[in-house]
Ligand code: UN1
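Presented below, as structure tokens, is a lone chain in the form predicted on its own.
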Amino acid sequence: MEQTLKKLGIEPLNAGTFDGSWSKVSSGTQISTSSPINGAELAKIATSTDEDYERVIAAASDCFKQWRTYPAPKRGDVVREIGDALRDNKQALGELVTIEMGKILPEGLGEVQEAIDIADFAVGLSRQLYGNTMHSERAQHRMYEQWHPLGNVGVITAFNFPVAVWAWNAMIAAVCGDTVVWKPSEVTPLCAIAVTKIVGEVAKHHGFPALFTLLTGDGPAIGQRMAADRRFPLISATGSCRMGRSVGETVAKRLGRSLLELGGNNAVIVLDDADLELVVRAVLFGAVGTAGQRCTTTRRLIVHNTVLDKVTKRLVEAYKQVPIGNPLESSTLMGPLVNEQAVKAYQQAVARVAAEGGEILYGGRLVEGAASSLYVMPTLVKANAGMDLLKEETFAPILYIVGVDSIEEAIAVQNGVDQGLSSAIFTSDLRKAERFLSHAGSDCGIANVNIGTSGAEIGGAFGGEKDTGGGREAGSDSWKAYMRRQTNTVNWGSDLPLAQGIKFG
């Protein structure tokens, strides 16, 4: 752990504010971060003060005035170098994600690769910020649309993807001509500090030291302040539905924009003609990966009753073989939960199973003899569609299995929750697959066939509907969220006709 921190320039005491240069570490308020692997303290971080906040916003605003005039393809060149810098530091950054957050090392490395991938995507995008042209009804007039940078984009991220989610926003915002102010989770501040050190050097080299800035706090205060601040035309926030409602309402009151990526209560439907080998592998990763702490984690398994016993038996056997332990070790498939609060939520959900008519088939307890108290058993629950637990998102490795008699019933159960992020169906029947993907099928932002709910690629727009917030990040036309659209009409004639044929004067 010490070697990884040293490689990334992490000190025992770190400044948590970056405005183009790092603030001096003071004796003011500090937070400590520890590893869920064994509970060891990693470092302390000096949090941002009110003065720091104003200084960061001022620096980002000044930088924006210059950055927006830099040609978009040149902005792409800067982002290309950022992608290369992330490549050079992939191993150490991936290790830090694992050390500070607790996901297994392949997932930590995969998260950094996702940041690299979105940088590559953004480089190409820098030459594709297209507008439309259209024919005017007035003679000798030309009409077109163009897109302009927004300004300071505030990015508030959660603990579970402490590198990738920032990159989804920051790389695209940067090529769009925006500056980015980052408020990371107080649970994983070292990842944010390490990334800011890496990308800050590239931006500084090109003369834009405040292109990516950082504010660190202990709790929601800074994020709330950003949401209320008119100097942020866009706030992109990732986290719980409760947090998203607070951010969304605050931003809406000042008529700003918010891009919300909130909770997921994702389901996999298994029909009677499904390939069960694929099902078990996909569900195992979807439900157990990141110890159930992904927004796309599979939380509900909706199985046709004719294969319910078969699927359940296979999953119980698979769960028994999941190696739980130190996520830095190559043999481990599931590491710890992130903190005691997450363990408490897991235990509370488990305690409610029997009272709501469910049955624990496997797991439901802490791992004995583990390196810390944050290791839990992945848990399988035989459930019924009426259980209140199925409508809630517990950020832990708990999978509820429900039997159904038809695809119509399965879709109704899947859609019968407030969240709408990711969904999947396993079937060999093309008609049933297309039924699931139709307007009368899944109501989620992501709908997959014969793959699980987890593991999105950056080429497709990521996000969900209903209480998931409606935001879209990464691929497709998500870049439009980071820009403002302008319609232009040019009269190149000598007359002044009015639209709709209006005669005036």
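What you see is a predicted model, and the numbers here were worked out from it, not measured in a lab. One rule holds for the numbers: they count along the sequence shown, beginning at 1.
The same protein also has a form predicted in complex with ligand UN1, omitted here; what follows describes it.
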| item | value |
| --- | --- |
| Residue among 441, 470, 475, 455 with a heavy atom within 4.5 Å of ligand UN1 in the predicted complex | 455 |
| Partner-contacting position among 296, 188, 379, 213 - heavy atom within 4.5 Å of ligand UN1 in the predicted complex | 296 |
| Candidate spot 84, 113 and 196, all three touching ligand UN1 in the predicted complex (heavy atom, 4.5 Å) | no |
| Answer range among 134-142, 324-332, 154-162, 90-98 for contact with ligand UN1, defined in the predicted complex as heavy atoms within 4.5 Å | 154-162 |
| Non-hydrogen atom contact residue 238 with ligand UN1 in the predicted complex at 4.5 angstroms | yes |
| Touches ligand UN1 in the predicted complex: residue 64 (any heavy atom, 4.5 Å) | no |
| is_contact(residue 168, ligand UN1) in the predicted complex, heavy atom dist at most 4.5 Å | yes |
| Residue 462: touches ligand UN1 in the predicted complex, heavy atom cutoff 4.5 angstroms | yes |
